[in-house]
Every structure is written in C-alpha cells, then in structure tokens.
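Here we start with a single chain on its own, the form predicted on its own, put down as structure tokens.
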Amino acid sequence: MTTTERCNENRQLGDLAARAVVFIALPGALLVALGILMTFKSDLTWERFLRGYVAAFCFVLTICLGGLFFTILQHLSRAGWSVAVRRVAEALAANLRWIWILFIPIAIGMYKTHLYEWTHVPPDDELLGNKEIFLNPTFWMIRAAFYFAVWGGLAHFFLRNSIAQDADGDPKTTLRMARVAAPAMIVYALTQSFAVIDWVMSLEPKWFSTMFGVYFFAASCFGFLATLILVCYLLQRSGRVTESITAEHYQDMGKFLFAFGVVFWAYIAYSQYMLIWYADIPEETTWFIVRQLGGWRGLSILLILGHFVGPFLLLLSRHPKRWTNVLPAICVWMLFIHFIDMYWLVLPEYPAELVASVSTYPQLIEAFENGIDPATGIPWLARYDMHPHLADACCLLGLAGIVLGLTGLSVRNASLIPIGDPRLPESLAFENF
C-alpha cells in the first residue's frame, strides 16, 4: 500500500502539542517546585533530595538516550520496517537538545553539597586522592557539557534531516544519515558510558564496575522502548496515525523490548553481580550488600521478578506483542519498574566507614546487621536502610511531565510519519512471518 493511499489519516499533532505543554509540562514543573519546597520545610537534607532528583533525571534521560540509540540503529542497519515509528523516536531524542537545563540542579549540588563525596576529599584518603585527576569539579563539568553537546547535536542532525526530507523526498538525505550513523553509534556508546560513570557511579567513588555503562545502556533500551510503544498507542487513541502503525509494528517493537530491555538487561545484571560476588572485594561487594538488607532487599527482589521474570513470560509469545490493548498496559508496568531500577541504582548509600572498619566479608555482614555506627550511635542497617520520601515522587512525576509535555514541540509542525523517506512504502506494507 502506498503512502498516498493512507493520506486520509491524521498525521499532525495540531493543538495537541500546545495542550501537552499546558496540562502536562507546566504541572510537572510545579511538582518539582513542590519537591524543593518540601526540602525547605522538612528535615530532608539537600543531599538526600538531590539523590531522588538524580534518580528521576536518569529516568527521563534514559528514555531520550534510548530514542537517540534507536534512531541511529535504524539508519545504521538501513531498516525499513521502523520508518513508520521512527519520528516518535526522533521526537523523544530531540529532548536531548534542552535536557541539560534539568541537569543544572545536579551541577549546583555537586558544587554546593556533599552529594558527590569526591568533591570533599579528606587529605588522608589516598584512594580518592589518586582519582582527583579525573574526578574534579572543573573536568567533571567540562565532560558534562561535552556529553550534552554531542547528544543534542546528533539528535538535532537526524531530526532536522528527517523533517527536511518530508518536503523534498531526496533519497540522498537517507544516505547522508546512514553514513553519519556509524561514527555516531561509536560516539554515543562512549559518551553514554562515561556519563553514567560520572553522574551515577561516582556517587560512590570507591565502588567500581566495568559493566556499569552497559547495564545503563540496557536500562535505556528498556525505558525507551516501553515509552515508544505507549506513545504510539496514545497517538492512535487520539485519532492520529491510525493506519500507518499496525500490529506488525507493535510486534517488532515488542521484540526489541523483549531482546534489549528484558533478556539483555538480565544478562548484564547477572554478569555484573556474579563477577563482583565471585571476586569478593569488600569495596565492590558492599554496593550489593546494601541493596540486599533491610528495605532494599524488597526492591532487589522486585527487580528480579518485575524487570525480568514477569516481562519475560508475558512477551515470550508473539500474541501479547500484537494485542494493542494489552501491550500498552505491560509498558506502563515496565516504566514503573524502570524507575525502580534507577532508584535502586542511585539512592542506597555506600557505608565507606563500615567497610574501612572490618577486614572480612562475614564481619562486614555481621556489622551491617547488628553493629552501631560509633560516630552517630545509629545502627548501621538503620542508617543505610531505605527511606523513601514524597519528594522523590514529585521529582519523578515532575521531570517526566516536563519531558513528555515538551516532546511534541519539536514535531508540532511536522508529520508524525517520515513521509519523505524512500523506505516508507516498505514500512507501511511490512508484515511479520
């Protein structure tokens, strides 16, 4: 079926983009402000508020980074099936052009608080002192600016060329984007890995994992693909692209979600856990010990069941991927569990004082469960247990609302389908076998 044969469907956002700003983005900004006000009016420290903010920022950032990865991958592989859904991915990735604004509170917290331990290194801390060349505020900020410039530049390049092709239909544009995709994928992989090391792993600078960047990449795929399916579904519910995006596309998006977001995430998560546990180095294993005691144990079990076991069983068959009334509900759950994953990565604090006071793993466990912090008189487990706060929810819903509400602005005057792409007829006629 040709593009013109399906031109009767609504392929424009119209006033929906403006309504999303008013009814989603603005309330989101108010929720973030409410979280800040709660911090002023309660005993919540700024370091604790910022940890919740970092988790929420990682949640929205992974979705946008996943959109950029998906866009690059489709051009790199010269895929035809995905053309009908690629504009949504481009729109989500386009948020990378301005998402640095949401990073400003984290940058301020790096300078003004003890959010990042390495910004206040004691003179006698040899380990952190040796990392000062890399972990110092000036170089950290330079790297952050570079990451956002690269991501924003790539997202702008692909969206600008894709929209321009809608007008002229020039096939050379497709070839140009395919040529850029190969180096773009390498740059994306490096910047994403170093960014998560800088912003998340360095929250506990004495802990390290060579697989952390890959884990974060898998989480990005999980969050983005769930969002992509859900946005496509909501667009169709609003009367847009009702014919161009079919059950065939949902099935392939479900395949990507199953492969990258479920199976690959579980493989990397298990590999990271197994290697660290097998090595049995206190500086490494303590990161997991904190997440296996007290309230964090429940979240760890929830991640195993809700991030892998449940989605694996639900998406293993082809049928749920094609049921457009079922798959979006699954994706809502996946977005919830994706935030739990980010929360689990960021919020638990690393008990450096406790690790320094013991010499063996059994002593570490015993001290964690029964010991008292001599400096504060608080049990170690109570001090490092899970303490959720309403401000965390404000940050999550606020940042998610801002990003979702502003996503449509980048394509408000463009088609929701890349109508100038020469592979669009292939995508419209696509069928799974």
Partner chain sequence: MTTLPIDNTFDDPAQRAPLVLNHHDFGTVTEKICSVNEARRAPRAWYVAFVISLGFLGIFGAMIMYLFATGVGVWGNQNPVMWGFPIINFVFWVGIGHAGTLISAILFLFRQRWRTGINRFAEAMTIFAVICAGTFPGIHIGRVWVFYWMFPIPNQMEMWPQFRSPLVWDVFAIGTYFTVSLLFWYTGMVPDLATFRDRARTKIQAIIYGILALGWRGSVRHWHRYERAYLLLAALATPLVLSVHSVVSFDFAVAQLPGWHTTIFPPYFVAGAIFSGFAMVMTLAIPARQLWGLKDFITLRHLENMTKIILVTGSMVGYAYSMEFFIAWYSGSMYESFAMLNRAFGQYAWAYWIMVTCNVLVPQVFWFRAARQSIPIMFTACLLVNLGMWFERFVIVVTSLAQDYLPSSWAYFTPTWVDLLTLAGSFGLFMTLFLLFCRYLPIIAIAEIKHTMPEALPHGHGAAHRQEPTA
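Residue numbers count along the first chain shown, from 1. Everything numeric here is computed off the predicted structure, so don't read it as measured data.
The form predicted together with its partner chain exists for this protein as well; it is not shown, and the discussion that follows is about that form.
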By the heavy atom within 4.5 Å rule, which residue out of 208, 350, 148, 344 makes contact with its partner chain in the model of the complex? 208
Of the options 237, 78, 297, 112, which one has a non-hydrogen atom that comes within 4.5 Å of its partner chain in the model of the complex? 78
Is residue 363 part of the interface with its partner chain in the model of the complex - any heavy atom within 4.5 Å? no
Residue 153 within 4.5 Å of its partner chain in the model of the complex, heavy atoms: no
Does its partner chain get within 4.5 angstroms of any non-hydrogen atom of residue 357 in the model of the complex? no
Contact with its partner chain in the model of the complex for residue 168, defined as at least one heavy atom pair within 4.5 Å: yes or no? no
Its partner chain in the model of the complex: contacting segment from 330-338, 226-234, 85-93, 265-273, heavy atom within 4.5 Å: 265-273
Could you run down 282-297 and flag each residue that has a heavy atom within 4.5 Å of its partner chain in the model of the complex? 283, 284
